[in-house]
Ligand SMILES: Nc1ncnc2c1ncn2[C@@H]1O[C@H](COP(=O)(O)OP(=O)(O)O)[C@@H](O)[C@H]1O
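Single chain ahead, by itself, as structure tokens, in the form predicted on its own.
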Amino acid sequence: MKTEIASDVLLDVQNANVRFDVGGGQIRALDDVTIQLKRGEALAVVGESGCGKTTLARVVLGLQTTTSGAVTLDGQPVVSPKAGQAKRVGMVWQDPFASIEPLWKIRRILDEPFRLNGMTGDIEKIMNEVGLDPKLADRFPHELSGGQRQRAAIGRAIALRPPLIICDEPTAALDLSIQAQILNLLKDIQRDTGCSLLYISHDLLTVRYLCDRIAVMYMGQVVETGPTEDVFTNPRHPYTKSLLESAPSLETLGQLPNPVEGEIPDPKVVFTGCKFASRCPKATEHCKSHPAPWDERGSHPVLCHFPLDSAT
């Protein structure tokens, strides 16, 4: 896929590969992944469990080394965790009870980024920014609701005003009503601070509400990327179309969604052709024997021999 390096690009991941040696072979957790995230933009990374979304987040954080490829954040290469990392990227994990220290009071949790960087922070200001009553500063996490704990986790992530916030399924462990509040909070934070969001999720409804662009992953590969509304209204990859059809909506209220047909192949298999060929209704023998190319002739790029909007 063609990419352009510009000054407004905050995060640049170029041809990133991550391999894990396991019994019986090797898993390609990331397979030649290229994405870019602009300043002030919200990019969603979506796909089924195990597609490589969280591995990508760990690579951006410097917690997972790449087998090959390059990752640059705010003009600096990412190869391992560095001192001052909290000034460059904040992280919001899925489970707020597991991601913050249960034996620390909220005040200490929010103060941690400042303390590690030899700074003094305004804890009350941060709590107000994320919608927490400052009176809760001397409470322990177990004394807060799930939504309040996630607000505290978000407060810690934005404390040093990093240009990038990574959110890994930040609403998955919350009730629906609380999910909406957290999504609105993330929108407000992005608007007020100008930060970029890398939003990792399998919940397409939240993605459509929050994100400007979307990257669809399947078995370690990005298979489609483009403006969110364009991808939702005009999916070019058969896998993207299946994902959208399996997502709940008002039109299918009370009905079980149709799952993506077939099963994900063994991740240790070395493919000679398209990884989605065994599940794709449009697949031919050519698809099974030749790697899919990037097709950029349509409205947005897609990794497919026969995109859904092509004549064939």
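Not measured: the values here are computed from a predicted model. Residue numbers here begin at 1 and follow the sequence given.
There is also a form predicted in complex with the named molecule; it is not shown, and the following applies to it.
Although the partner is absent from this view, Ala29 contacts the named molecule in the model of the complex, with a non-hydrogen atom inside 4.5 angstroms. Of the heavy atoms in Glu261, none are within 4.5 Å of the named molecule in the model of the complex. Residue contact check for Glu48: one or more of its heavy atoms lie within 4.5 Å of the named molecule in the model of the complex.
With a 4.5 Å cutoff on heavy atoms, Thr66 does not count as touching the named molecule in the model of the complex; it lies far away. Residues of just one listed stretch (33-41, 49-57, 66-74, 281-289) have heavy atoms within 4.5 Å of the named molecule in the model of the complex: 49-57.
Taking a 4.5 Å heavy atom cutoff to the named molecule in the model of the complex, none of the residues in 275-289 make contact.
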